[in-house]
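Quick setup: one chain, the form predicted on its own, written in structure tokens, and binding and motion questions come after.
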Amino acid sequence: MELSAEPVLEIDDIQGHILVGFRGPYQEIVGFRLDPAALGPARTALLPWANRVTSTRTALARRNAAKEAEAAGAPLPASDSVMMAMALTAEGLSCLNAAARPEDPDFLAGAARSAATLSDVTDPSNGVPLGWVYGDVPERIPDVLVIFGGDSETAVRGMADTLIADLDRLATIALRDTGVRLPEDKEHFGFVDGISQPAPRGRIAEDTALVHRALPPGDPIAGRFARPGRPLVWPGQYLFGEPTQLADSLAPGPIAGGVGTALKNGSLLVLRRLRQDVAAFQRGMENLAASFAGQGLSADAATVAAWCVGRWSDGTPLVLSPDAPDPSIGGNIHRRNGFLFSQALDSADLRLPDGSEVRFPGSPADLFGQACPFFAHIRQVNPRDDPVDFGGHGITLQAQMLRRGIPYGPAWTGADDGVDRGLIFMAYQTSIANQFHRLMKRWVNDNTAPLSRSGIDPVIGADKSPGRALERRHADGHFARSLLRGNWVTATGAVYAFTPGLSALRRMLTEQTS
């Protein structure tokens, strides 16, 4: 497919957190409930902040500068500047009487209404989530959600404090959370996170793609991948007003939200505060290792944890190195995600943005789950080219989201300390039902999906009696079977919000309430 067939994206109007994300190690997330009696002054106070929201053009410049420094072996450029995103919940759009609002049923219902169907802990009498620190009851559901990110903790916190001061007496704080990246971009269970992301199609100029295309023209997969293992997806999966992804064609699908939608350049944000019990996870892996050992599969807890994740802790995928981590793979951005499951990938000379080339050696297939088990987390949430319960592998492209999560809480020190730590999961999409909910309800928490022998996700899935049924294939083709018991990821808060285009955001704050 020619690049000219892809849309030119309005990168000065699209918020930078959606398509690019914030690279800095610190983030501060603040949610406000507006005082209905002070909406006029609140609009006035928020409008200058809306004008400071980071565009995609600015976020791209920051990301590219960091990549250039990394490629040159230079220190990453530090900055006191703070990046910013702003979103509104269904309650916030109603409060501001916004003319444009998504009709997504799950967004309108709110995150708390989804809790029970996502296997969160809820009060059986009324379905209200239990143990949440925000998003569960009206006073803890924000109208406006603001995300700050940057290199300087002082600058990020300081800007959040300034916004809070500007909204004094005009709004109350419904939530405040702090994210801090861990060394090597790992999450608290000890695995490198955020490796696998789809590549939105689209141009930022007539002949420049949003995401660099590394595969040479004529390569058999060049029309479907930006680089090996990173699929190209039509941007309407993440942005309203753009063409969506069809399951069985390279051609663009219908426009998300409809042609001429007032939602153009906006996206639905799912935020989930996920507490991680690292000590319980480690015990679970030790018990699973003992169970498999009793069936002839000898492995330590670290290896079994890699089976459950689908990667070794350094990011090396089991498909490429099933027996041990390989730094030459885990540390190579072109190899650690350069694989499929059902098909092998051929070697290729990849073109880098600076014009140089790097050799991609290819990757083997793992059609029968010999290297990476079907129950592995990465195979559950991103089946790649595996056929799934809904049909062919194109369905997977329709279900993927742009993830922008960040850990919170101190790094685990090895003690069962009970400290609150985990992940602030954030993801952008244009259909909560077909993207986030499909992954969680059908693939993560269903024994029979995305493949019949998948089992419930052993990392983020909910333990349902009598436990998660897992099957690991022996070298001779026989299966070892075990039940994995215990929960180590628990939702403690959630918000569904709409992240509008910058021009739409300004209009919302200048419209008069009727």
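Fair warning: this is a prediction, and the values are worked out from it, not measured in the lab. Quick note: we count residues from 1 along the sequence shown, nothing fancier.
Just so it is clear, the following notes concern the form predicted in complex with a small molecule, a form of the same protein that is not shown.
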*in the predicted complex, does D386 have a heavy atom within 4.5 Å of the small molecule?*
no
*Does any heavy atom of R311 come within 4.5 Å of a heavy atom of the small molecule in the predicted complex?*
yes
*State yes or no: in the predicted complex, is some non-hydrogen atom of G194 no more than 4.5 angstroms from a non-hydrogen atom of the small molecule?*
yes
*Even though the small molecule is not shown here, does M401 get within 4.5 Å of it in the predicted complex, heavy atoms only?*
yes
_The single option of N382, S431, T244, T316 touching the small molecule in the predicted complex, heavy atom within 4.5 Å_ = N382
*Listed residue (D104, E187, D120, E91) with a non-hydrogen atom within 4.5 angstroms of the small molecule in the predicted complex*: E187
*Does each of F292, L297 and W307 have at least one heavy atom within 4.5 Å of the small molecule in the predicted complex?*
no
*In terms of non-hydrogen atoms within 4.5 angstroms, which of the given stretches 148-156, 161-169, 418-426, 70-78 touches the small molecule in the predicted complex?*
418-426
